[in-house]
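What follows is a single chain, given as structure tokens, in the form predicted on its own.
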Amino acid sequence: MLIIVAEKASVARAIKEIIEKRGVKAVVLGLRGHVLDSDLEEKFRDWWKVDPAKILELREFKTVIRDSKMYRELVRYFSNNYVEELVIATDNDPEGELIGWEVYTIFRRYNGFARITRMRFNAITQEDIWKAWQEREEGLNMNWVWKSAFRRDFDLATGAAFTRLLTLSTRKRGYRGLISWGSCQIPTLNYIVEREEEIMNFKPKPYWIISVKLETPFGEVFEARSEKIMDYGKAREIFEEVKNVKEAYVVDYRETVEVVRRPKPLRTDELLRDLNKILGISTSKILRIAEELYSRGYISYPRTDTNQWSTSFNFHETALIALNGLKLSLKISIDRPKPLNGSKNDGAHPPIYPTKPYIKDDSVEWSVWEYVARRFLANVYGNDAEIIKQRALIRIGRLDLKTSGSIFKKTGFFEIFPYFKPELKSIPILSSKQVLRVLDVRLLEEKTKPPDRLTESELLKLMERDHIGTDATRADYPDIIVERGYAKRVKKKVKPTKLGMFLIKCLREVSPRLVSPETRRMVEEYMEKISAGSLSYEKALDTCLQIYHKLYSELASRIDVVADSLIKSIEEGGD
């Protein structure tokens, strides 16, 4: 018997259909994610009896069954003495490798001699699946397995220890809720709190602008403005000098051409950030939709940090898929690809691209697929756009005014990929020493404005910059901090609640390292070393848990003050 195990039921169905057409008979099973998991030993289950600090001293964890129904089904097949080969076909990334290892360990309990191989593919297409079948590897990438096991066990230990410390200290004061802590969710919350603090501490300052409406000899009307004048007396004085002047003249007029490069091959972070702006839905939902499109064979694997195409990539076939799905007839030669590559390559997956035409409808799935298809065409076959930037210096009396405008010289890739196409407004073409008629002069009072709250798109960009989480996990954290009651979504922006503000403030006063991204970044760097094979799981886990044990001790020494502050914020309530 030949058994193939995929990570999802839809992928399992696709694999079975594709290989059976080629004469391969197999039992193909689809999982629902992880079958096994890590947990604390039984003696650590009682929150009140065990000092949470003891959890950070653990270096081994108990393996438990997460999906009992799936576990029983695997055992039913694996206990068959006639299994000749187990093929692991889980997602081709470290998390998929760990799931594959779970299947491997269950299988070895019942069959110690059968062959175990690995299928690796990045798209659910006949070509990719059949190639993965023919080129299946012996065994698993254990560096990936240990990398994901490290993340799982480190997050379990640190999350359990800090969450228990914070929660138990507030429950002693009558609170019945959970005060959750995680080494990724807290730095994510810290970004939101820092921005809110900037807004709260912002003091608007008035300034004055002299605005002049001008007309060219050809009847073209436009506006020019002075620089900001911070002193009202000076602004009023200048205004009185120029308010009755009837003519102005052009001191300087220049045009420069700005090149807007076409987009690079698509990575997960860009997919989530862009579609969050375009569709206004959460990044976690976008990722779920992208994964569903992948499992149904419409796009390639959507969890990737690569923005480079391999030299063997089939651009022609992918372009036909994109054009057929979009119903476009563009004046491009798909036989002459000219991709603009980036500098990132995660060594596991290609950039995201369309693998099957999607029939247009009004669904969000269509919008996601359309974005992926247009991005591919813009990157591989589009041209850079060119914008003419106009700048003019105009003098009225002794006052200098400035004005600017823009106009497309070449729309380039925006014809294919219209998202974020700038709305340009031009000014008249002027010439040096040209005389202009003054139509109106006004003195305007304005005020400096505070920064806006962060959008999810901006939040993910900060997380990527500071290496908080991975392309596969970042989308989850905005949802997590909202579910924990630390933040809420307001008009497509993320705003901290009073509890979230107090939590960050209290942790920051104990040690900035409890909330800063630098501490978690160190953990991510250790994971990359495990993945590269230059550091063992055991050494990385021991080092990182020791660092967080010291931070825990600092927090524990001031936990009464922290708990009192948190209780105060909870009692006050509000946003």
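Start at 1 with the first residue shown and count on from there. Take the two forms, superpose them, and find the largest set of C-alpha atoms that agree within 1.5 Å; that set is the rigid core. On a predicted model such as this, the values are computed, not experimentally measured, just so you know.
Keep in mind that the form predicted in complex with the DNA is missing from the display, and what follows is about it.
Screening 240-248, 273-281, 88-96, 216-224 for residues having heavy atoms within 4.5 Å of the DNA in the predicted complex returns a single hit, 88-96. At least one heavy atom of S183 is located within 4.5 Å of the DNA in the predicted complex. Taking non-hydrogen atoms only, D39 approaches the DNA to within 4.5 angstroms in the predicted complex. In the predicted complex, none of the heavy atoms of Q434 sits within 4.5 Å of a heavy atom of the DNA.
In the predicted complex, the DNA sits within 4.5 Å of a heavy atom belonging to T163. For the options R151, R374, R262, K495, the one in contact with the DNA in the predicted complex, meaning a heavy atom within 4.5 Å, is R151. Listed residues R120, R267, R484, R195 were compared with the DNA in the predicted complex; R484 is the one with a heavy atom within 4.5 Å.
Taken together, F313, G347 and E458 are entirely out of contact with the DNA in the predicted complex: none brings a heavy atom within 4.5 Å. Along 1-27, residues E7, K8, A9 each place a heavy atom within 4.5 Å of the DNA in the predicted complex. Here A149 counts as shifted, since its C-alpha moves by at least 2 Å between the shown form and the other one after the core is aligned. Once the rigid core is overlaid between the shown form and the other one, S516 does not reach a Cα shift of 2 Å, moving by less than that. Residue displacement note: V35 has its CA displaced by at least 2 Å between the shown form and the other one (rigid core superposed). Note: G297-E102 Cα separation is 3 Å or more longer in the predicted complex than here.
A change of 3 Å or more separates the two forms for P354 and A89: their C-alpha atoms lie farther apart in the predicted complex.
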